[in-house]
Structure formats: C-alpha cells, structure tokens
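What follows is a pair of forms of the same protein chain, given separately as structure tokens and numbered structure 1 and structure 2.
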Structure 1
Amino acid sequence: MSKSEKVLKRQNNKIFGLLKPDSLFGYFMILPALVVLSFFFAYPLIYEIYISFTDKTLSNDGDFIGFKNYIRLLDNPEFVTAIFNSAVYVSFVQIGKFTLGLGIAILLNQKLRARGLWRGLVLVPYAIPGFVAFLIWRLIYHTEVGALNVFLQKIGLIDAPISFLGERDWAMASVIFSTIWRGFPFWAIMFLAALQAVPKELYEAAAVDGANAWHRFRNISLPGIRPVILIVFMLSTISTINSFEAIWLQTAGGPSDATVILPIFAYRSLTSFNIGEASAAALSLVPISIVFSVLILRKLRKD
C-alpha cells in the first residue's frame, strides 16, 4: 500500500467513522422532520427576530430601526396591561386546574363503582374541541340567552342580567373559570395515573403504623406524584400563557382591554398591520417559554 493510499484510507475512515451505516440511516430518518422544522420553525423564529427590529408593515418591507419597537411596546400602556393580565390569568387558571385536578384524582382513586365511567366523564371537557367549548361558555355567560343569568334570575339572586363577559369586574373571572373547566381534565387524568402507580403496600404499612388520611396523603401520595405535578405544571403553563382561543372566542380581549393577554395583544397589533411591532410583541413570550423549556429538558434528561 503506497503512502497516498494510506492517507486516503485514513481520510475515508474519518469520514465513514462519522457516517457509519447507522449514522447515515439515522440522519436519513430524521431528515424529513428537520426539513419541516428548518422551514417552519427555525426560519420563522429568526425571521421574526429580524422583523421585530424593522418598521415593516403589510405593504412596506421596512427599514432597520433598532430597538424602537421594543421601546414603543414598553411605553404602550396596553402592553403593560397585557403582561399584568397574563400573570393574573395564568396564576388563577393554574391554581384552579391544580386544585380541581388533584381533588378529582384523589376522588377517583377511592374505591368506586364504575370508575372507568367516571374517568371517561372527566375527559369530556378535554375531548370537546376548544373552539366549541369556549363558544358554549360565551353563550352560558350571555346576558340574554345565557344559562347563568337565567339560573341566577330564576333563583332570585339577581334582578337584572349581568354581562359576565362585558363588564370589567366580571370578565377576567369569567374567562378564568371557563379556561379551568376546559383544562382541568389533563391534570386530573395525569394525577390519577400517578396516584395509581404508588405502591399499595406503602399505604397498608402506613395504616398499620397508625398514620391518618392526611399523613398518608402528605407522606406517601404527594411525594409519589411530585414528578408528575412538576411536568404537568410546566407543560400546562406554557400552553395557558399562549391560550389565544380561550380569550379570543369569549371576549376578544375586551371590555376595552380588561382581558387582553399577550397573544391577544400580538394578534391585535397584527391586525393593525404594523408587523414589526406585532413581532416584537409576540417575541415577548419567548423568555418565559425558554425558562420552561430549559426546566422541562433538564427534567427529561434526569429521567
């Protein structure tokens, strides 16, 4: 073997070491997914960051204007309201879903007749398409055809109908309630599965030792389901922060801006055709998404 052949062989080894049959096949199999994500995930994200530094409108490609869009956002009282509303909305929705989800999971984990049936029942709000669910709630809250007003008037609690989605005092609470209705099943089902995975012997041993129900819950159930609580909380929070349809279909952000959350604000900016500013608004959701993504990635790696 001549010297040049040796060099060639070593080079080939280098290349084929990286491209073992396994590697080639591996890259080949993941290629379609990567092509999709390059064009419709990475590219839009980078492009959006670029647009957010321009004064692009629908008809005009716009010039580079630095951080002006971001500065304008911070000066915009509606944007500040949107951040505040998002925080209120997400906090209460998540507290509600957690409480309801955990309570129902504990209930369904008891000795029950037809447990499968009850579990199926709990799945109903999750199974119904979101856009249908929120349109129904809009009509439950409605002043004229709404069930809630009919009911409250029938039992004599109120004289005149309340505009649950049209009054500042009620709108936020109303959309929070309906979002909880739509979202708690995911939590309940996950918690129930986790509770059922806790070994029964632990409870029996604790009962022998004289632990009461609260102690058994505190010291056996809760530690058992903690990992699930964490991951469900993180996944659900990301989707709740971004729940455009829940608000859009019920109040569209109103009355005035009482229920405007960040995705609604971004959508409103887009419909005013100021694409640069709208992009900056949508990107304001990125930091919190990054925080939760990192937490989830770390959690998944640990498992």
Structure 2
Amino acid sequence: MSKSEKVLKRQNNKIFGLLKPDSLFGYFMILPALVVLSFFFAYPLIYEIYISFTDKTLSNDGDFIGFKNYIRLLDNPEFVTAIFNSAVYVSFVQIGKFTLGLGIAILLNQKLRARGLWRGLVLVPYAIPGFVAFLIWRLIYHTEVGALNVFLQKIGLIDAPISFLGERDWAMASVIFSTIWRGFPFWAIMFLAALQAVPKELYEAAAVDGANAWHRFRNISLPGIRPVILIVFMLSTISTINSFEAIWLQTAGGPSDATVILPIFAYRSLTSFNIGEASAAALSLVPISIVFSVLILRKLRKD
C-alpha cells in the first residue's frame, strides 16, 4: 500500500469514527451545552461584530458603513492614548504579579512556623470582592484622610499630602499597585501548587552534586513550573486587558486621560450612545487576546 493510500485510509477511518453510534451519542449529550453557549456567547459576539460595522446609536438602528468606525478610532487621539495606557498598565501589572507571586510562593514552600496560617492570609486580597477592594484603595489614596498620606507624613517622607489618584504623575502607578495587590495571590497559590508537585528527589540529587539554591531554582524549580507560569500568565493577561473595575472605581480614567485604557474608552463611547463605535472599540481587544492566547498555547504544545 502506497503512502498516499495509507493517508487516505487513515482519514476515512477518522470520518467514519465520528459517525459511530458512540460518537453520535456523545454529540447528543453535549448538544444542550452547545445550544446554551451559542445563545449566551456566540450570538452576542456575532451581533456585536455586525453592530461595529454600522453607525447604530440608541435612537436608530443604523446603516452599514463598513470599516468607518475602525478608521475613526485610529484617528481618535484618545483611542491611541488608551492603547498606550493599556500596554503600560498590563505590562507593569503582569510583571508585578509574577515577581511578587513567585517570591511569595517560594517563601511559602519553605518550612515555616504556622505555614498554613500564612498561606491562608495570602489569599485575603483575592478573596475580597473587587468592588470592595478598589473602593478601599480609593480611601487609602485619599488626599486628606487617606492612610497612605498619613503614614508617609508621619515617617517624614513627604511634607504635604499627595493626590495619588488626582495627579497625572501618580495616577497610573497608583492603580497599577492596587491591581497587583488584588491579583498576586492567584499567582502565588498557583505557583505554590506547581512547586509542591516538583519531585523532592531532584532537589536532593542536585544538593548532593553541590548545586546551590540559585542553581536548584534555575535548573529544577523554574523548568518544573514553566507550564503553570505560561497558563497563569495567559489567563491573567486576558483578564487584565479586559480590566474595568480596577480603574473605573479609583480614577474613572482620569485625571484627564492619564488612566484611560481600552475598556474605559469603550464604556465612555457606550455612555455617549455611539453604539457602533463602542462595539468597534470593544472588539479591538479580541485580536490582541486571540494572538496572545495562540502564542502561549503554541509554546505550551512545544514544551
């Protein structure tokens, strides 16, 4: 049998395998879930894509205008600023979450007194609802009665209160810090679980061979948790790209446009009833998320 005939036979077996009674029964069992997912996810997405190609507003259905909404967005300085702010926000938040999460995971993986208590306390920021957490940080950053200003003045680092959320030089850094605080426990717990899954025998063998702590981390721990790092990085990045409440509850995109990111820009377009433009702005996040997810998944498959 030639190579082409073998390939054709293999393809035929796959096709006929999909039509076997067991396979058809499986399709029937997942059909309700597919219908629900199509209704709640596929239909809204398709409809949003269609709306993004129209000039729909709240008062009219709109006409098909092609790519004019997208072209108009690229000519909008606020949209360009939102893209830049989103890149800065996501980059620094992810770096902070990774660094803090990995460091705490390594610390909690050691033999500490009351280790279970410390592991539970690490989850507190993540267990607090985001709405509550960011309103608390808004109070902490308050110019007059905020705990941060009071503390900095008490220790003599500043002479006058700083408007952390009201000044352009401080606003983005402030929301980045509060977002890191809210999200790093997820990274820490995932990394801790991955570290505990690395065989202890590898560390013992490396120690016998004279490897120090840094070499053991670089050659055993880091490769051992690499798949978890990639998965957590992908999930957290997509979540951060679509982050809304963290900035909206603290600065609402201000002062001026200092903290406007793409979800905030899309929401502002929606509140001005430019539904077509708002849909185009919201969909601008989709290609970024898809490309990033594909790159991470390809890297996972390669590993």
Partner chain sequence: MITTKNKFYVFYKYLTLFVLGIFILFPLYWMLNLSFRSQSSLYTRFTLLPLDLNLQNYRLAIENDFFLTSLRNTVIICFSSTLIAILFSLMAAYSLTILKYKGRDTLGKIIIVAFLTPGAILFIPMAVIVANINLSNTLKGLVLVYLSFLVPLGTYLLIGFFKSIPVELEEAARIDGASRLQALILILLPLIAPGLVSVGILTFTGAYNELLYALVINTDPAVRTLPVTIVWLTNSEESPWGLMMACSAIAALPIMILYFAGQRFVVEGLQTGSVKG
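Numbers follow structure 1, counted from its first residue as 1. Quick caveat: nothing in here was measured; it's all calculated off a predicted structure. Under this definition, the rigid core comprises the largest set of C-alpha atoms superposing within 1.5 Å between the forms.
- Of the two forms shown, structure 2 is the one predicted alone, while structure 1 is not.
- Put the two forms on the same core and the Cα of Leu295 is off by 2 Å or more between structures 1 and 2.
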